[in-house]
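First, one chain by itself: the form predicted alone, in structure tokens.
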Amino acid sequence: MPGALQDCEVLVVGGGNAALCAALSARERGASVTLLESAPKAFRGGNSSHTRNLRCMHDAPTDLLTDAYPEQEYYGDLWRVTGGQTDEALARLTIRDSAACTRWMKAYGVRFQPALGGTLHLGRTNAFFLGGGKALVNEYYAAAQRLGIQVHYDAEVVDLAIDDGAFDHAVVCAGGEKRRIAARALVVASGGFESNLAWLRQAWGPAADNFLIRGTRYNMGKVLKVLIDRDAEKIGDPTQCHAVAIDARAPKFDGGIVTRIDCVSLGIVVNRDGERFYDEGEDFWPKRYAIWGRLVAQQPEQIAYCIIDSRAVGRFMPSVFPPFGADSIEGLASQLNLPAERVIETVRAFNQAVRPGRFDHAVLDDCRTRGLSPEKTHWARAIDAPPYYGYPLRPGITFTYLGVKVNERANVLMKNGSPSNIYAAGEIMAGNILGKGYLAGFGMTIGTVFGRIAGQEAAIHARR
């Protein structure tokens, strides 16, 4: 830790993308800034270290994105995945401000790769970081050091002194001691509570014991709980989260993007009883992949299995773990410890229901089933080309949507209506915009946009 904790004008709690954007933006406005990261330096960056891209609005092709992705289409995509559970004003603010994000990020050393091609359908909508999220946070930390931002690792905020809605100081556990640090404005960007297994169990019950946490083990939700206890307005359902289907062999924490299973739309998914339970071809994967964690969580023992044949190989980003494989469905079922007769019957019924069409994974094609429940509405092809492959699936929790309510200036809203010198960015306030569901890259967009807003507004308040 560089030196002792000192009072400052803007205190930023968190160490990921949103926190770093806030710290840099506050420094741009001339404020003295201290950033507290609860993780050790080797694990800095939170969930942002596992990311790859952010979703950007643009009205014409750019150096990073093809065609156009206008505001109305962007908002329409968000409205569909959330089922309308979004604050439209904050959502549109995020979408509009996303157009300027990549230019600002480049100024701090973030590099991008050319527009992505292939079956993820993201070359028009998402800008990908060269080197991924780890490279992005490393550039931001380097910029913070150059600008004189004080960064402290292994510095966990355990309490906040808030009087009538106004922040005075934080109590920080660092170096085995509790210390106080005061500031004129506070930015909270410390993530959700997805790593707090006891809290997940309160929300989900015993099912949570089978959840895997895709990202950092340090997002315990302590600052979120303190804010709620200090009368911050909360928003969001504690059971709603960014939850994807990941390889059941992934570690409990920090498995990251490489554990995600991306072949669902190319095959079928069955539960432990060998039965299908949802339309695998409902929509393009970047719009629907984040529903599959919740779907698997609702199955017996929170386990499911994706089954594909040889024609799907090479059409998706493979998991870090190799699939199980066999020359027959019976053999594959045996390897996956599934009831062979039931899986054989499920595959047979699916194959018989497939109707002729022109398969094209780049569009919502006309390959579908008829007379099946649930139907598969796109990309339905008979599973009849051995060898056959299977991946075991578990719910992979990325971040939770329970958070604090904010306005367009990123101000945390207090129950008593008092003006607040507390601002929020990133996962801790994402529930204002994401009531449920997810769009690929949108978490980083929220963090970048509201991180910049929170930092600027906190600095203006601190130096007023």
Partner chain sequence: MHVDDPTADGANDPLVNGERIMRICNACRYCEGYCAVFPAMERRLQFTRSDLNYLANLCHDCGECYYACQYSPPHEFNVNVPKSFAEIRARTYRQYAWPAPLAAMFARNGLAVSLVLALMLVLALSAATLVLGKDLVAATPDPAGDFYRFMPHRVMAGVLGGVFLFVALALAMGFIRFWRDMGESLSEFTRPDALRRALGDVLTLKYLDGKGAGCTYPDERRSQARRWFHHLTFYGFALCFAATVVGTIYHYAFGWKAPYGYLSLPVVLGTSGGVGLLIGPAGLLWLKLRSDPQTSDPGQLGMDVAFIALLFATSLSGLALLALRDSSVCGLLLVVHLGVVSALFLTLPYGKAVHGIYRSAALVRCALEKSQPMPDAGLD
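Numbering follows the first chain given and starts at 1. Just so we're on the same page, rigid core means the largest C-alpha set that superposes within 1.5 Å between forms. Worth saying up front: this structure is predicted, and the values here are computed from it rather than measured.
Unshown form predicted in complex with the partner chain; subsequent notes refer to it.
- Using a 4.5 angstroms limit between non-hydrogen atoms, Asp254 touches the partner chain in the predicted complex.
- In the predicted complex, the partner chain sits within 4.5 Å of a heavy atom belonging to Thr51.
- In the predicted complex, the partner chain sits within 4.5 Å of a heavy atom belonging to Ala362.
- The closest heavy atom approach of Gln302 to the partner chain in the predicted complex falls outside 4.5 Å.
- Interface residue among Tyr289, Phe167, Phe316, Trp204, judged by heavy atoms within 4.5 Å of the partner chain in the predicted complex: Phe316.
- Of the candidates Lys222, His152, Arg260, His378, Arg260 is the one whose heavy atoms come within 4.5 Å of the partner chain in the predicted complex; the others do not.
- Of the stretches 273-281, 77-85, 168-176, 135-143, only 135-143 has residues with a heavy atom within 4.5 Å of the partner chain in the predicted complex.
- Taken together, the three residues Arg96, Gly148 and Lys405 lack any non-hydrogen atom within 4.5 angstroms of the partner chain in the predicted complex.
- After superposition on the rigid core, the Cα atom of Gln85 is displaced by less than 2 Å between the shown form and the other one.
- Superposed on the core, the two forms differ at Leu266: its CA moves 2 Å or more between the shown form and the other one.
- A movement of the C-alpha atom of Phe128 falling short of 2 angstroms is seen between the shown form and the other one when the two forms are aligned on their rigid core.
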